[in-house]
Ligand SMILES: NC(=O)c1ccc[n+]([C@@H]2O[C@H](COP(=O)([O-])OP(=O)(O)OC[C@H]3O[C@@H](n4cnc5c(N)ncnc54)[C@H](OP(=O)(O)O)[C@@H]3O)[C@@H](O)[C@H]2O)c1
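Quick setup: one chain, the form predicted on its own, written in structure tokens, and binding and motion questions come after.
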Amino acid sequence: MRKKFFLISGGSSGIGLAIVNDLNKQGHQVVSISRSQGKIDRALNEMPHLAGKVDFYKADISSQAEVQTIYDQLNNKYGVLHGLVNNAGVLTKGTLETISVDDWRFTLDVNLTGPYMLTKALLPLLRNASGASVINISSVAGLKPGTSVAYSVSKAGLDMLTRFLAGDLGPYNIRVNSVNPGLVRTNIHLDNKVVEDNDAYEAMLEKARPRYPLGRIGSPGDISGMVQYLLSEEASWITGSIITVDGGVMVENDLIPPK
């Protein structure tokens, strides 16, 4: 790809940080947004080579005022945006009987309303690119119910937002697609206190691993590779797609005898 300008929300950890790092390696200008200064500091400690090369902004995409500030900053500095990756997300535990209304609202505000507001605010910059790509990082939990009602519903909604915007923004030559990962080794479960500690997290991963036909849990790089492709001009005729990158978990069949 020729040098382009990209924005990655939730770009200071896990999948988002892998995408930021890969785009930086390719020579692109990348803006990373995070709600937490602590996560930004952790990212720069983990990948010090990004300091001075990637613009790390602290902002909450569930706040309309802060989203407007993001637009103002990008418009003043770049005036164009070739790609937007809506990766920021939170994970909350709970079924209908156990999740609080506050946690439900918080999850949908960040995972669904945030991408909607960010894409809407940045639309003028995406239109200026004359061929932009929007990628929503969704989840297989949006296709098949997971362990959290709020998370699953937010990701199902994000997939429908993808489909709608693909038709809505296609006339501007803006492509919109979803990437739906399976379980990926990141900090999201620990950062959101879904598990208590590293031992509990490792136990959770090991319990889940047999459900994956390819025999392993995903890595952030597995998802970043698909994102790089969808951002590229090689994917110029792909829009409205919901693409699972999940090690086969969506086709897992426990009736097949083990190998």
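As the structure is a prediction and not an experimental result, all values here were calculated from the model. Throughout, we count residues from 1 along the sequence that is shown.
Although it is not shown, the form predicted together with the ligand is what the next lines describe.
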Exactly one listed stretch (45-53, 22-30, 227-235, 60-68) reaches within 4.5 angstroms of the ligand in the predicted bound form by non-hydrogen atoms, and it is 60-68
The listed residue (Arg127, Lys93, Arg163, His189) that reaches within 4.5 Å of the ligand in the predicted bound form by any heavy atom is His189
Looking at the partner-bound form in the predicted bound form, is His82 within 4.5 Å of the ligand by any heavy atom? no
Heavy atom of Gly14 within 4.5 Å of the ligand in the predicted bound form: yes
Is Ile137 near the ligand? Define near as a heavy atom within 4.5 Å, in the predicted bound form. yes
Test of understanding: in the predicted bound form, would Lys155 fall inside 4.5 Å of the ligand by heavy atoms? yes
Taking heavy atoms and a 4.5 Å limit, what residues of 29-55 are near the ligand in the predicted bound form? Ile33, Ser34, Arg35, Ser36, Lys39
